[in-house]
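Let us start with two forms of the same protein chain, each given on its own as structure tokens and named structure 1 and structure 2.
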Structure 1
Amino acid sequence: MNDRGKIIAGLAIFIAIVTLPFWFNMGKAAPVPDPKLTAKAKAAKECVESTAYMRAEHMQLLDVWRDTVVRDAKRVYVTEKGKEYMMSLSNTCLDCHSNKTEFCDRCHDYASARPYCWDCHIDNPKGEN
């Protein structure tokens, strides 16, 4: 029972060591990147869905597109507004967002995300910047 001081000191040291990374990085978060839009994307003024939706859900949308094209052989996506788009990362998305390093990579690097899209799809299908 005389080890109470040693136990309290040990717990204090343990807590200090465990929380050190949080204290060390406090206030050092990087600002959220602002992806650069191409002139064509700025001129279009709208994407397949709203900006907020695309920022949060674009990967789920692309997964649905992939499954729909491969499994159901449907290639046309119709928005709630009735506008039709081809379900194609290379020809629809990269048509407006052709500068992968300035648009896609900025947010993916910030989020430490490594999407597998580029394993099959080329970065710039039409050779534009």
Structure 2
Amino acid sequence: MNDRGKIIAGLAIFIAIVTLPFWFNMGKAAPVPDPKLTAKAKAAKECVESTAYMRAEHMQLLDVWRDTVVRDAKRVYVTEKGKEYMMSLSNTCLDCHSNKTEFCDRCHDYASARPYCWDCHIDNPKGEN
């Protein structure tokens, strides 16, 4: 009984699986998503909170907004700087970021995040695209 042939075949398959990402991406440049700001967002200059915070924690913020509106019936959010916003997904976020496909989706496709919010919430409140 000498199964070295089978063992080497098994090892080769294992290594191919482990190094799969290297083969899959070979010769491809991975473009970094660049979310595009609308004219309105550019005019506003800044987001609800600081950009770094928004980049990492916007889902957390949305979660808080959702719970505050739906459970406590409070609709006004006061930012750290004291500015007031209506806590609304479609009417606030998508007011400035009305270009969802070129903004939210660019990052989300890259990170493989598929928010289910749009099952109910309108993703194009201004009817632009």
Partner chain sequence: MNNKYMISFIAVFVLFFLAYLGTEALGLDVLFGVLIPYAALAVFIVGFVYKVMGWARSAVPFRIPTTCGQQENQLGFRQNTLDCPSTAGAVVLRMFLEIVTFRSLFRNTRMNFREGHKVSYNLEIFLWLFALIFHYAFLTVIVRHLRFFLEPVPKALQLLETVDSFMQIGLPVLYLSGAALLVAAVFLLLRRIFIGNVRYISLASDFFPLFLIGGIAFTGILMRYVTKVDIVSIKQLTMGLVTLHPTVPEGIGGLFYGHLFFVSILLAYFPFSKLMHLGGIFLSPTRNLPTDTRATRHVNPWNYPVETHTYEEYEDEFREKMVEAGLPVEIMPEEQPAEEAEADSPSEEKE
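By rigid core we mean the largest C-alpha set that fits within 1.5 Å across both forms. The structure displayed is predicted, hence computed values, not measured ones. Sequence positions of structure 1, starting at 1, serve as the residue numbers.
Colleague: Please state whether structure 1 or structure 2 is the form predicted alone.
Modeller: Comparing the pair, one sees that structure 1 is the form predicted alone and the remaining one is not.
Colleague: How big is the turn of the smaller rigid part relative to the larger between structures 1 and 2, in degrees?
Modeller: Value for the rigid-body rotation reads 54 degrees.
Colleague: Check the Cα of Leu11 between structures 1 and 2 on a core superposition and give its shift in Å.
Modeller: Looking at the C-alpha of Leu11 between structures 1 and 2, the offset is 6.9 Å.
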